[in-house]
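Encoded as structure tokens, the following chain is the form predicted alone, with no partner shown.
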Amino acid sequence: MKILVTVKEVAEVADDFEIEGLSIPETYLEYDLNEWDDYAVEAAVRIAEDRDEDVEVVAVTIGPERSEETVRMALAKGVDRAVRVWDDALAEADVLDPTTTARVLAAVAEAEDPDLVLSGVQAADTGFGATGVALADLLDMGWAAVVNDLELTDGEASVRRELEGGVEELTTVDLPAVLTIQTGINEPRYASLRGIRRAQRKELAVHTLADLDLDPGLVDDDLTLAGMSKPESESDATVFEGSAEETAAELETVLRDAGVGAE
């Protein structure tokens, strides 16, 4: 059995940052594995550990050389090998929309021929949540989105899906299939020191669009980054300055005015 897990490196912005044009300087950014993809990785590794048959888990990502550090964290957690896709056409894109991303991932999936594809339900940076379903459509596979429980039986996946309004659905999907994984399905493990060392020796293949027989023109879509702005604060904060006695007195006044007090 082979499981393909799509993973993404996402940027986390510092609490206090600046915007320069249509980008945020690197000094304000840190990079990490997309939270939802971390749950997908854990789900795949647990399947491999729990089944009697041989299961190969392959991670695929789209990103620059920098993203290899993130992908190797997935390798350290038990993924067997990884594939990274990148070239100039991808680097020049303002934003990769879900359809374009799915087309690139589909090319890798067609080469890998997996029995199951797991993807995080959404990306923490762009907020897109359609890549997994678009990938299933391109691969002509069954799919289930927002999966928070998963069990594999012969030829099918029994899943529990989280719907709107707190409603959940129990259903089955024939394999091969694409499942988008919701947080809470498991507790992602930490990478052990031994796992991190072993990850450095695992295969990480790098492909361009040409290697996947994809036309760089597929990146030329209608989605462009038009502007960036800092989110507005939803509440005002009051900062008390001075000695402990002074700030305590000011806090007392604020609480009294707000109607807060001990009975």
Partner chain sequence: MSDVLVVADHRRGELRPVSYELLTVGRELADAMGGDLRAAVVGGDVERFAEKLDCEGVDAVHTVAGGEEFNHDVTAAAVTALADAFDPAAVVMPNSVNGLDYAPAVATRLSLPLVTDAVALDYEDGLTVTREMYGSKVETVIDVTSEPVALTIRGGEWPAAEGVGDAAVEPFDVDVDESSIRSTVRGFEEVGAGDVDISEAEFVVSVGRGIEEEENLDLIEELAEALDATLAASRPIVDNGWLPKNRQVGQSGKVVTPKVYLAIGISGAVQHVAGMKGADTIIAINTDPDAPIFDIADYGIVDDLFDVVPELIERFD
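Numbering follows the first chain given and starts at 1. Here the structure is a predicted model, which is why all the values come from computation and not from measurement. Rigid core: the largest C-alpha set superposing within 1.5 Å between the two forms.
Same protein, other form: the form predicted together with its partner chain, not shown, and the subject of what follows.
In the model of the complex, its partner chain sits within 4.5 Å of a heavy atom belonging to Asp97. Within this chain, Asp16 lines the site of its partner chain in the model of the complex, having a heavy atom no more than 4.5 Å away. In the model of the complex, its partner chain sits within 4.5 Å of a heavy atom of Val167. Its partner chain is not shown here, but in the model of the complex it comes within 4.5 Å of a heavy atom of Glu245.
Judged against its partner chain in the model of the complex with a 4.5 angstroms heavy atom cut-off, the residues Ile24, Lys230 and Gly259 are in contact without exception. Just one of Ala191, Ala107, Ala89, Ala145 comes within 4.5 Å of its partner chain in the model of the complex, counting any heavy atom, and that one is Ala145.
In short, of 34-42, 209-217, 51-59, 194-202 it is 34-42 that has heavy atoms within 4.5 Å of its partner chain in the model of the complex. In the core-superposed comparison between this form and the one not shown, the C-alpha atom of Ala249 has shifted by at least 2 angstroms.
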